[in-house]
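Heads up, the chain below is alone and in the form predicted on its own; it's given as structure tokens.
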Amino acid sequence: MFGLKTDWSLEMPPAYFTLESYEGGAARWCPGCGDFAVLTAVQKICRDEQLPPEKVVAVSGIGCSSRFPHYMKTYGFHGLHGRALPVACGVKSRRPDLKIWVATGDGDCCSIGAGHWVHAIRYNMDMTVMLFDNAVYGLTKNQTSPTTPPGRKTNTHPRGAWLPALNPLTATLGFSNVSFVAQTVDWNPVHLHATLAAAYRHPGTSFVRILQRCPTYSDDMFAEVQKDSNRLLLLEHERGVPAASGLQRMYAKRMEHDPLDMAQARALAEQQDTLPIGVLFADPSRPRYDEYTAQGLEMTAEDRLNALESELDRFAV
């Protein structure tokens, strides 16, 4: 047996991941639901970036959109109602090497999860947060959500919602240490993909509000905006979403907007008659809490125990 080759390891060729590499179970949303477009866009971005599926985590709370992890062939965590963001922050703090996509709805994020929303934006950990906003609680069959416009009739307000709708864009832009805010629509796959790709590449918490159709309970919510492209304002800038020639032909209203201009971003977010789509704000220099929590991860169990004993010894009497 002497002299035989003992190294039997094989040099594996680099893997190429296709869309099928990220396709999990068959999506069970209603036919025509905007969630399908978002799922496809994320899968395409994972393929384009050649992300190993085992390095991707999809995290969600509760709602129609929160079934997202079931349809990704990656790691996933289907959390409790409103708790997608703290789960995602916990994952990122211990595994900063993972790429995290958070799927949350207008109720999941802006209602029961609102407290976590504020602090996740402030922590600015590197993850992509997708707010699926159809302005209604769809999973529980048509109740008023925080983003339901006044006068909209639902099961909880059969005579019409009373209060002004919460604006997720202006709210997020007002949170401390915000670093990326964008808006897109589910019925334009080109812009949807480009916006989510820009969000993914941003170092920090990228918050993307997606105007998303619910064919069952709010199919007319964005009907006027879909029919009249002049209701949308396409934001263009080299630091924003690349405006392909097709998008420029589709949207007559366009504006050069520097994502570093917070004042203008807030003014755009407050517009009601014309909805901006693109990157409203992006500042990659904002501090990231995951860079702090990653310190010491390379320590062994023995190192951790010794460090703990050393700290306790300081208080010995």
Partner chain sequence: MRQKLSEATVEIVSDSGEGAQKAGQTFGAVSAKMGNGVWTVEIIPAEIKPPARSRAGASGIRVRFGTKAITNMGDHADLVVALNEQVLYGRLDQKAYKKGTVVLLESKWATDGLETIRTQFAEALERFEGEGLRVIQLPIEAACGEHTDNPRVGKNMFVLGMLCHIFDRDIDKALNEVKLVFGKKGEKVVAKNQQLLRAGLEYAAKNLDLAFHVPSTASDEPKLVMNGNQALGLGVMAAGMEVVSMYPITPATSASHHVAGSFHKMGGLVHQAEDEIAAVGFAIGASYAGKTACTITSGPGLALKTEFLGLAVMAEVPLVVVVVQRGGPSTGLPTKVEQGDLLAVLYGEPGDAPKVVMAAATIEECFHMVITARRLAEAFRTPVIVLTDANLATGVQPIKRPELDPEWLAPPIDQSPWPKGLAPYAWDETTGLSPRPVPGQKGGEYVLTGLAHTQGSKVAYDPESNERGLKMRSRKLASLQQTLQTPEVHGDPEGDLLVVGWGSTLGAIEEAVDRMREQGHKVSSLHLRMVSPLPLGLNEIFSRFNKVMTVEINYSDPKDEGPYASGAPRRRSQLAWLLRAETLVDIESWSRVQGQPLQPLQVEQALLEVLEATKASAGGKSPVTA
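Residue numbers count along the first chain shown, from 1. All figures in this text were calculated on a predicted structure; none of them were measured in a lab. Note that the rigid core is defined as the largest set of C-alphas that superpose within 1.5 Å between two forms.
Not pictured, yet referred to below: the form predicted in complex with its partner chain.
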property: All of Ser179, Ala198 and Pro287 with a heavy atom within 4.5 Å of its partner chain in the predicted complex; result: no
property: Contact test in the predicted complex: Val87 vs its partner chain, heavy atoms, 4.5 Å; result: yes
property: Touches its partner chain in the predicted complex: Val91 (any heavy atom, 4.5 Å); result: yes
property: Interface membership of Gly76, its partner chain in the predicted complex, 4.5 Å heavy atom rule; result: yes
property: Non-hydrogen atom contact Arg67 with its partner chain in the predicted complex at 4.5 angstroms; result: yes
property: Candidate from Arg152, His193, Arg95, Arg231 lying within 4.5 Å of its partner chain in the predicted complex - any heavy atom; result: Arg95
property: Options 272-280, 37-45, 251-259, 51-59; stretch whose heavy atom lies within 4.5 Å of its partner chain in the predicted complex; result: 51-59
property: Contact set, 298-312 vs its partner chain in the predicted complex - heavy atom within 4.5 angstroms; result: Met299, Ala301, Arg304, Leu305, Ala307, Leu308, Glu309, Glu311, Leu312
property: Asp303 C-alpha shift between the shown form and the other one of 2 Å or more, rigid core reference; result: yes
